[in-house]
Every structure is written in structure tokens, then in C-alpha cells.
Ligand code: ASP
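Just one chain is shown here, as C-alpha cells, and it is the form predicted on its own.
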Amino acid sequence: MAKILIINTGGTISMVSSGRGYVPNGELFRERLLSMDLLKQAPMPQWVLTQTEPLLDSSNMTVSDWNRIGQLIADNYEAFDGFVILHGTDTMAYTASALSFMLEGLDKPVILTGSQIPLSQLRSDGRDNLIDSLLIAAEGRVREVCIFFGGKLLRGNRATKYSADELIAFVSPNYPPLAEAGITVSYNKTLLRGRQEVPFRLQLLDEIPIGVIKVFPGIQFSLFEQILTEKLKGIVIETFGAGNIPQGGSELLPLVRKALANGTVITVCSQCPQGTVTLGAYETSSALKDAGAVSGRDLTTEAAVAKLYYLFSKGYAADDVKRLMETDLCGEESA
């Protein structure tokens, strides 16, 4: 029988109502799990629950929390067949993306899930999300970091939060689901990653200064000049369409050149959930390409941010980071 470690980090699934809104409650959540007869029936795997302290609303998740989750997996890697991480939905895609890079050579399932309605409530979607995640982790057919939510198993570094109030909270705009749960769990076998040839290793992340700028009509790029110091290691620019910016980049270009001179890596992503950044396809994106910005291709913003953290934490120089940002490392972008 497979043995799965459940890591509860907080989020809606483990929350209860209070005078100030929903708050995580680890003690009541543990009691709730232990009282669920469904979790004791075949074919459920053996499971052990551990909870991080303090439990968090995921909007409070930080790089140090990613490191703590990664360390828990590394410390228990040999003792368990898979891992289910309970997490709030707001930053779940960021955590999934970060872990996909941090857990080098991962050869076991790591599945993040949660709920839009607390498990303590009658209509909670957390019950099905948790049960299906445990069963998928126990099968061991996926060997990567995934998000399971609303009946779909998504590659973690391809997912993004789509809805704040629907039970299908996540989508994967540029990559199909790895599996869908209906009467049975149907896997897309051609998308599943094979066994890893390198040994498992945890890469912890440093607190790297990284920024995100979202382009909008009328944006005054000069307002961002003060943050473009040598301390800023990476910027993700969310542009229009395939990488387009206002006025052909005439206002942004001096800032880009200043950033690049400081060793800052500028990665261009699209505000469109679906599609690929192609710098130079339009005149309005040529300035970014000419200035030395790199294309985020079909990376989500979450994956781009996590990848920058990872590459700089590995100790790569800026030129190597630029090259690797356009290189698929673990399924995060199309080849």
C-alpha cells in the first residue's frame, strides 16, 4: 500500500469561520480528517498529516515558506511514495511553479490542492479534491509537481488561477491537463514525464529582488526608474499580445538599457492567458528585443517569477539566466 505525506500549509480548505472572516485552524482540521470515514476505506492509501506552523492564508506565502515546504519533501522523500500539499488558491500556482524547479530530479508525485469552500462546511469542494489527489499520488503515474482542482490534474508550472468563486479555480492555458477525474481517472499518457535520470536534489531559493510590471494604456514608465537599481535582479514585464508595448518602446527603452547595464534580466510575458510571446513579430515589440530583453514565450507569470528565483539562486550569471529563461527545464514552456 502506498504511503502519502499530506502537508497542510493552510488555505481555505483548513479554515473555519471567525469574527474577522475565515482563518486557518490546524487542530480542528486534523480532527476533521481523522473523522472522515472515506479516508480510511480501500483503495485509499496510508497517509500521514503534518502541518506547517503557522498555517497561512496563501496570500501571505513567501520564498521562505517555499523553502520550508521543499525541505519537508526532501526530508521525507525516501519514506513516502508521494506528497499532497494543501494550499490556499491565491498563490498555489506560484508555489507549484517554484517547487517544480526546486525539486530537481523529482521522481514521485507532488500534488497541490485545496478548496474554494472550507472542508468544515457542508458543500466543500475540498473533500473530492483531497480524495482524488491522494488516489492520484498513490498511483504514482505522475512524477512531477501538479495541481489537482475541480477534476483536472494540471502541470504545476503551467497552471494559473482563473476564478475566485467558481469550483474550477485553475486553468492551464498553454498545456493540456495531465489527467481528468470522472468515473475513473483518465491520464493523458503522452504528456506524462518519464523516470528521471538524475538523483533527487532540493535547491533552496534565495530572497532575490524581483519585480513584475504590467503594461497598460497610458503607463508612465518613468515612474519605475527609481526601482531599477543594481539590487534588482529580474523583472517580468506583462505586455500586450505577443510582446507589444506602447509607443514602440520609446519611453521604456532607456529604462531597459539601464536595467540591463545593472545586470537585471528582463523577461517578457503576455497578459493574454493563452499564446506565445514573439519579440520582433510586431514593430511595437522590436525595441524590447533589440535592447536585450528575453522572451518568456508561453510561460505564465507565476512560472517566470519562480524560474528567475531559481536560476539566480543556482548562482548563474545574468547572461546564463537570460539563456535559460528561454530554455525548457521541467515542462514549464514549449520547446
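All residue numbers refer to positions in the sequence shown, first residue = 1. All figures in this text were calculated on a predicted structure; none of them were measured in a lab.
Omitted here: the form predicted together with this ligand. The next part is about that form.
Comment: this ligand is not present in this chain, but in the model of the complex one of E238, D90, E144, D128 has a heavy atom within 4.5 Å of it, namely D90. T264 falls outside the set of residues with a heavy atom inside 4.5 Å of this ligand in the model of the complex. This ligand is not drawn, but in the model of the complex it has a heavy atom within 4.5 Å of S115. Under a 4.5 angstroms non-hydrogen atom cutoff, this ligand in the model of the complex has M15 among its neighbouring residues. Although the partner is absent here, S58 sits close enough that one of its heavy atoms falls within 4.5 Å of this ligand in the model of the complex. Considering this ligand in the model of the complex, the lone stretch of 50-58, 266-274, 32-40, 302-310 in range is 50-58 [heavy atom distance within 4.5 Å].
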